[in-house]
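Next up: a single chain in structure tokens, the form predicted on its own.
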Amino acid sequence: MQKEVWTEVKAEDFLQKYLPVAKHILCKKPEDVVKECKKFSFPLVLKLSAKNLVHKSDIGAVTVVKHPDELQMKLDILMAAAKKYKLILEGILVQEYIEGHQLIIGIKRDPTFGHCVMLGSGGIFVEMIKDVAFRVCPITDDDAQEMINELKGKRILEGYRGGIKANLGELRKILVKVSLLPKKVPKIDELDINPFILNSKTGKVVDARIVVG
């Protein structure tokens, strides 16, 4: 059976049935972005959504708009990137801006153990840092805490040197919920939530990719 890759919009629309997902609207045309941005507060995030796009930050396909006066300029830059890299655009995603710690949460189907849940330090350096923990699905709250404890970046989540103290209770709940997804949707081969942004109050899915087969 051929595998199918769900783009960010499709993946997030699916995940919001089970997890907290950042508010977002997909605009088919650049002129629609200006209208839809009125439904958000600034700062906000603009992203290109395309089937042949994986690492948005590598090609300037994601940007933070801090003030309405920046909107058109940032939109023009995004559209220039879409043209330069010949992206097959689904549209431009308008998304709420969330501040906090960037984590990666995922699911991988292992040929020996079956579905496993992953937690790691996220963001653009995830492949370089490789600070991750794995457990076989499904997991308990205690398992989730053990995964957090295994991270080298745990002290940062705890508010190291006056930083944001993350809501680790919320993170445990999210990890347990993610670990239950393969039972609900067995066809999931891979799930990458990167980043999942966690602050002192809450955490939300900000970007996601799903492979089903």
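Because the structure is a prediction, the values reported are computed rather than measured. Sequential numbering from 1, following the sequence displayed.
Only in words, not in the display: the form predicted in complex with adenosine-5'-diphosphate, which the text now covers.
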adenosine-5'-diphosphate is absent from this chain, but in the predicted complex, do K56, E96 and I197 each have a non-hydrogen atom within 4.5 Å of it? yes
Residue within 4.5 Å of adenosine-5'-diphosphate in the predicted complex by heavy atom, from I174, L181, V62, L157, is V62
Between A166, M147, V45, V33, only one gets a heavy atom within 4.5 angstroms of adenosine-5'-diphosphate in the predicted complex; which residue is that? V45
So, I210 and adenosine-5'-diphosphate: in the predicted complex, are they within 4.5 Å at any heavy atom pair? no
Given 147-155, 65-73, 181-189, 45-53, the stretch touching adenosine-5'-diphosphate in the predicted complex at heavy atoms within 4.5 Å is 45-53
Residues in 139-175 close to adenosine-5'-diphosphate in the predicted complex, defined by a heavy atom within 4.5 Å, in order: none
